[in-house]
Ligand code: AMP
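In the form predicted alone, a lone chain appears below as structure tokens.
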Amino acid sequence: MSEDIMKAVIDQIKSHDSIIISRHKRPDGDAVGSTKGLAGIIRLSFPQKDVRVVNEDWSDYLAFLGKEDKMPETLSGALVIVLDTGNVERISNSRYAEGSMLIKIDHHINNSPYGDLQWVEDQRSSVCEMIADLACSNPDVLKMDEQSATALYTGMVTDTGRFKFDSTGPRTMALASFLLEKGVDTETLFSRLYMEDFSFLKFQAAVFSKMKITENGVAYLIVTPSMQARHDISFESACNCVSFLDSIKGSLIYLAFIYSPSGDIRVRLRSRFLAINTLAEKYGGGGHEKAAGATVKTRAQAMALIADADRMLGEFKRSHEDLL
């Protein structure tokens, strides 16, 4: 199946002279890395094609991967490839439907199919892994350089939590090795991804002092606008604070509630051993089984979500005493 869909994707790339590559809004490492990596591979393999990475927002955190491109005047006849985006509402390109062909490449559960061609594998660690596999499996057609490999490796590292999430499998590691062989400078990459400003470390200390744990072990924190302002932390950086809670014994569900500039509260949900995406869906969100997101409007809704998570975790612990 993978070989067939990969061939179909390559055939469409070959048959279009203009290619637009987009991703989801509020991008993470996988979204940016996969678009940059795929664009680099196509440009290197088919230098005569007009290949552009076009989106309507950006990530300061991932700016080291390079600038994006301007939208062409017309998308008539263009192939549009949308990566790492589960539904059309999240596409960071409002003109995505103007091309002649639309391809969806994603690793989220395919609850909202779209596109003329879909390559979706929800067991993959990242879309960057899928693009790396596309290149690795078709070396006679697709070429890769260090820059493209670095973009893809960035997404694999960030979406697997540095290869510690259970989505990391043998193929993931084999493809990571394939990318490293292209000359990825991991020391420079990791310094860009994980070295923090002093102000952020002060913010982290403040967050640790505010985190709470429910009766059944749900760890959670709420990042208010005043906390973000006090420590001069961007909304994007604040959203990464859910990772602060990932190593608390007994806390198999951990949540971060971050007030957005618009006044909504963005929720990041993470778990170990049990699925959390159904809870995210209850609150209008979704995502992977153990890494999902949602948005609530009020503090009361946030408290209701925490209570639901606490009940879920309590039921899981009572039926999995051998595991714990």
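Residue numbers here begin at 1 and follow the sequence given. Predicted model only: the values in this text are computed from it and were never measured.
Beyond what is shown, the protein has a form predicted together with the named molecule; the following relates to that form.
- Not one of 29, 33 and 192 is positioned with any heavy atom within 4.5 Å of the named molecule in the predicted complex.
- Residues within 4.5 angstroms of the named molecule in the predicted complex, judged by any non-hydrogen atom, belong to 293-301 and to none of the other stretches in 60-68, 34-42, 47-55, 293-301.
- Under a 4.5 angstroms non-hydrogen atom cutoff, the named molecule in the predicted complex has residue 90 among its neighbouring residues.
- Although the partner is absent from this view, residue 124 stays clear of the named molecule in the predicted complex, with no non-hydrogen atom inside 4.5 angstroms.
- In the predicted complex, the named molecule stays beyond 4.5 Å of every heavy atom belonging to residue 104.
- Annotation for 238-276: interface residues with the named molecule in the predicted complex are 266, 268, 270 [heavy atom within 4.5 Å].
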